[in-house]
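In structure tokens, one chain follows: the form predicted on its own.
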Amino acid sequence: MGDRSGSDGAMEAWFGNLAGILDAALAPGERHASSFSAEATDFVRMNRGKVRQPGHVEQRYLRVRLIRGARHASHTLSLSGNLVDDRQAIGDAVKGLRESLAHVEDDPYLLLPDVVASSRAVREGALPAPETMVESLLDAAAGNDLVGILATGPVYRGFCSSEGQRNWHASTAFNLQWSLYHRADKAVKSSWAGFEWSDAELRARMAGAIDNLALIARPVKTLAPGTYRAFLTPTAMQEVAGLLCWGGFSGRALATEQSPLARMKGDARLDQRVGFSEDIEGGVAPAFQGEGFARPPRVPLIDAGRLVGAMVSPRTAREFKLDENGANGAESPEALAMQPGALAQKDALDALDTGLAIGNLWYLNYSDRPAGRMTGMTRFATFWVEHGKVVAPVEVMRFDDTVYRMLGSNLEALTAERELILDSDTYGGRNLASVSLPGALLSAMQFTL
């Protein structure tokens, strides 16, 4: 596994040196607003209940944004960790950007922070070595055919500007995903992530997965297309919420009527028990975004079923005369939290009585974006339940329904327990984003295949 000799403090000090190099590289009349990302991650891939590929990834990136008046250009460079080499690379990047600015037009929507808002946040997890985590996982799997991946270790984000702003964020967490394989396309998928490791919690989650593995071994039930009662676990709700994050809460998309929630600007409502917020304080994302704007601890988006806010990036704020609130350029939440309900998780199947218990969804997309209609497939452990008891696994089905029915007229209950789910995306690097979601009981959900 990787060498953890470098401390969070050393990485932060090194970033401070980079900020000084950038400040010194500027010519009169120039400004910079630069962001930093890094990680020191242990990855372990497992298959058939054995470790197949352990590895360690260390990478550091700096995005230099050079500004002169209303002109700006940016360049992202990979850093070596050697200040001599990196000083030269930064100098070359600034020189290239300086030459580019001569050919760039003024940006009418450029918005920069008007106050210096420095910050520092370090969240260290109480985590064992990855070898110990993997050993506990394979032990708990009790010889079942397990496939999975573990990602653990610190992730860093930073921002610096020529005005002296310095922001630092370090987060050490683990993200574990695994499936217990039965046969063909039948498997039980599980995930667990957080800042503190507990063998007891792992064993409890694995025991639930093993119980579900026995259930999917039963003869499969094929249901005709139609409307069924349904319970969506927090993991299934993650896919629904993730699709809503694709433009649903965007200030720009709402202003241009491109949001699937645009009807909520009028008289459309969700159930009054539904509330969504961007909860930076309760997630893993930094309290600043890549252009240096601070993020409030909490941004209400939907309250009591009504649209009350949006994710507004600096550029959208300037163009549409709105107040920015630290949103990223895509205006997608990075710490979405849904308000819990009153249904105890342990009572969910009894409350469902007869219908579908949906453990996972995938391949979600909009079938009618302006109407808030989404479609997708059931996946892995989805069961037919009768009188509160699992009867059989269900053949894959396609749903097609609107958010206004799923989280509106057809919402019967939300669970009192929520699950914090960390983003497992590692495309280019580990992503610092999360959702905190309850399960949802629906009186009706429409299936077309």
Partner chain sequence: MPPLDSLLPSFDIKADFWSLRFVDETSEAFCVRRNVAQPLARATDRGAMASVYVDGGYGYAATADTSPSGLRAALERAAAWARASATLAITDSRTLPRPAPRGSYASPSLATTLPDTRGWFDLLHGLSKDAGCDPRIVDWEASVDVVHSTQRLVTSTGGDIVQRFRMVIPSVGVTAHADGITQQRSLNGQRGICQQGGTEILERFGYAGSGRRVAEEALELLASPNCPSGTMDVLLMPDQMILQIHESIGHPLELDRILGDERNFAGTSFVTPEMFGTYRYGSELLNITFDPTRPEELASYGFDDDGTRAERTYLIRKGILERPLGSAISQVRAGLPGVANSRADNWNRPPIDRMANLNLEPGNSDMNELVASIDDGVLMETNSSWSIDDSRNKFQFGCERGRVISNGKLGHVVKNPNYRGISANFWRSLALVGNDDTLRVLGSPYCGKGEPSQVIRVGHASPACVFKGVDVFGGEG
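Each form is matched to the other, and the largest set of C-alpha atoms that superpose within 1.5 Å is called the rigid core. Keep in mind that what you see is a predicted model, and the values were worked out from it rather than measured. Numbering follows the first chain given and starts at 1.
This next part talks about the form predicted together with its partner chain, which is not shown.
- Looking at D42, you'd find a heavy atom of it within 4.5 angstroms of its partner chain in the model of the complex.
- Among heavy atoms of K389, none comes within 4.5 Å of its partner chain in the model of the complex.
- Among residues of the shown chain, T375 is one whose heavy atoms approach its partner chain to within 4.5 Å in the model of the complex.
- Contact annotation: R315 falls within 4.5 Å of its partner chain in the model of the complex, judged by heavy atom distances.
- Only one listed stretch (228 to 236, 146 to 154, 333 to 341, 195 to 203) carries heavy atoms within 4.5 Å of its partner chain in the model of the complex, and that stretch is 146 to 154.
- Proximity to its partner chain in the model of the complex, defined as a heavy atom within 4.5 Å, holds among Q272, T256, T354, Q345 only for T256.
- Listed residues L79, C245, L301, L112 were compared with its partner chain in the model of the complex; L79 is the one with a heavy atom within 4.5 Å.
- Within 4.5 angstroms of its partner chain in the model of the complex, the stretch 394 to 413 places a non-hydrogen atom from each of V396, M397, R398, D400, T402, R405, taken in sequence order.
- A displacement of less than 2 angstroms separates the C-alpha positions of L26 between the shown form and the other one, with the rigid core held in common.
- Core-superposed comparison between the shown form and the other one: the Cα of A330 travels less than 2 Å.
- Remark: with the core as the superposition reference, the CA shift of P54 between the shown form and the other one reaches 2 Å or more.
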